[in-house]
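Here we start with a single chain on its own, the form predicted alone, put down as structure tokens.
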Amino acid sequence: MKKVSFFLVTLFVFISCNKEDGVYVPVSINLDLPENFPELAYDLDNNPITEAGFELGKALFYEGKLSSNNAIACAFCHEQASAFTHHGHNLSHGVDGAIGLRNTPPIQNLAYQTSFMWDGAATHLDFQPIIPITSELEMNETLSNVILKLEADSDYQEKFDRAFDDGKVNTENMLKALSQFMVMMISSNSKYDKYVRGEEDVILTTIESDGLNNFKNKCSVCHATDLFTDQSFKNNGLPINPTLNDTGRYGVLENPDDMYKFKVPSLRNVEVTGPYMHDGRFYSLEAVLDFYEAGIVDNGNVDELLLKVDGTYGISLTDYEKESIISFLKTLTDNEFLEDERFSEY
């Protein structure tokens, strides 16, 4: 594992420079960068991670005041045990029982990504929280109201003062603190990771190894690199949900070529992030693979990678190939991440 310090300081403990004037020295956090991962996408020079910044971001992530009813925190839809997804819900829930339009994506390895949300509506991690905070179906609040509530809280005044040089309780610092918390959420210690890095003498079982090979042959073009996503947007031939009629990325840029395209999700911790797809229509990995094998429909813009030589769409999969791929996917479960107390509320 490579360790990188993102904020140069001379002290390694958090101390007061001058207890009388309340000036604090920021303390850097070392970010463990997995050797099998690609380069970071997030610019840490613009937002160095410090202990105070991380702790502020964590408090904000679990803070109901970010919503209009002071009850719906980011963590309401992002539960750690399910890789920060909304366990068991096909669509996200929000203020006053409102139902969102899409399935809650996991929060992991976001520092490596260049776009966010199912449709890529956010292109920088610092701006991503604005979407759920201001959505009428999620947190239903305005940024100005959030800041007013945080400014009125003496505890948050102190937290912001420690986390940022200017000490201001404002939108920029709030979003940067949330990013510091999310950037630290690196999931990289699954059985698969230890296997590819040669750690702890980990080996794959026969069916897991077969699944890895089948995955490489059948799935890895889209679910690429050890992030298990190429971060592209694709139409995978889902039958149109008439209730939602979600046009995907087309709704962002209104490019006809983007109709029904959604971001290729990472498969890390996929064992615990169900239900699956942008609308949570599949409740098991078996159902997902059955869909790719025989359920794809021509909705007018299906990705050509799914086109078979006979002119139909799908991925040819035998029953054993499906079983082995699922066995392999379960090696991507990172229990160290799912149980990491750094990211827990208490």
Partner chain sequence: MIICVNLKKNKTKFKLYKMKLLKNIFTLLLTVLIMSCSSSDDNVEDLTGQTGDVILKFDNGVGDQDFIFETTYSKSNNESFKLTNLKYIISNIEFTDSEGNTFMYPSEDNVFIVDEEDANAAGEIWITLNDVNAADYVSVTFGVGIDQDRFALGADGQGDFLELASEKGMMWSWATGYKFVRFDGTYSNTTLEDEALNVHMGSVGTSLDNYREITLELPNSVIVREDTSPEIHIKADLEKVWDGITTATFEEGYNQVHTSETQTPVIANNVINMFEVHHVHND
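Bear in mind that the values here come from a model prediction, so they are computed numbers and not experimental data. Positions refer to the first chain, counted from 1.
Separately, the form predicted in complex with the partner chain exists; it is not shown, and the next lines address it.
Listed residues M184, V272, V252, I207 were compared with the partner chain in the model of the complex; V252 is the one with a heavy atom within 4.5 Å. The contact residue chosen from Q80, T134, T229, N189 relative to the partner chain in the model of the complex is T134, the criterion being a non-hydrogen atom within 4.5 angstroms. For the candidate spot formed by H124, I147 and E172, every residue has a non-hydrogen atom within 4.5 angstroms of the partner chain in the model of the complex.
Listed stretches are 192-200, 125-133, 264-272, 236-244; the contact stretch with the partner chain in the model of the complex is 125-133, by a heavy atom cutoff of 4.5 Å.
In the model of the complex, the partner chain stays beyond 4.5 Å of every heavy atom belonging to M259. Although the partner is absent from this view, N46 contacts the partner chain in the model of the complex, with a non-hydrogen atom inside 4.5 angstroms. At least one heavy atom of K176 is located within 4.5 Å of the partner chain in the model of the complex. Interface membership of C219, defined by any non-hydrogen atom within 4.5 Å of the partner chain in the model of the complex, is ruled out.
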